[in-house]
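One chain comes next, on its own, written as structure tokens: the form predicted alone.
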Amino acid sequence: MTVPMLEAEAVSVAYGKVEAVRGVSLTVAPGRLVTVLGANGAGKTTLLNALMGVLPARGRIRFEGADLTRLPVEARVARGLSLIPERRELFSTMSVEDNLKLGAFRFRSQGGGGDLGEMYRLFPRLAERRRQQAGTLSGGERQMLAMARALMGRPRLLMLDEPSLGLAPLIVAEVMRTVARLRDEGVAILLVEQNARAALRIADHGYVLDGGRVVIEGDSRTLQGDARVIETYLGTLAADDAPPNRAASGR
């Protein structure tokens, strides 16, 4: 039996007396793309920060079977977790290429890290702008740079917080295609999104958060047809409108 890449078991996070995440359990298998959906304030970002170790949490967090619950952020990064926050947090006055090189900083003593050529293959637009300051990039390009910089650290699990936020629909589609391609190349991904339609089109499995709790769970095709998800997040979605995803096609 394959050991899950990530397991969260009854994870809870509180801000003072306010419990923002309440007993959330989820699993990300190797090479799979799992999405966590929910409205603003549902607890999605808080959950990611707890999984990354940015926030203290109750419950249990395992990565490839090893207990991470009490490990600091740096130790989780060293084991192969990477989080791209909602704000992307690029170095705006540095070039695209220098931002990428910083992504491999933890490998400096080993002479390792990701390969710039590989990043430019995955993100051709970044190759065209390698000498350009990161702060002058478009929103979609900044998101691609954030993903590429994270990949320079050779993560085994990539967690993304709202990568479509603030982007035009055509750019959202491009970013989501890139996320799906990373999954297809073997990177396990945990994707937090308000844009349920875009996320479910590429995900293998999904969880819906409401009030800090998981209220719906299932494979992406099932969720696209779930009346509760349609009513709350998708609106009217005819079967022909939803393109096939890997989970549905059996890929």
Ligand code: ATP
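Residue positions are given as counts along the sequence shown, with the first one as 1. As the structure is a prediction and not an experimental result, all values here were calculated from the model.
There is another form of the same protein, the form predicted together with adenosine-5'-triphosphate; it is not shown, and what comes next is about it.
The stretch that touches adenosine-5'-triphosphate in the predicted bound form, counting heavy atoms within 4.5 Å, is 37 to 45, out of 37 to 45, 178 to 186, 199 to 207, 62 to 70. Although the partner is absent here, Ala20 is a contact residue: one of its heavy atoms lies within 4.5 angstroms of adenosine-5'-triphosphate in the predicted bound form.
Using a 4.5 angstroms threshold between heavy atoms, Asn195 stays clear of adenosine-5'-triphosphate in the predicted bound form. In the predicted bound form, at least one heavy atom of Glu86 sits within 4.5 Å of adenosine-5'-triphosphate. For the stretch 134 to 165, the set of residues having any non-hydrogen atom within 4.5 angstroms of adenosine-5'-triphosphate in the predicted bound form comprises only Glu162.
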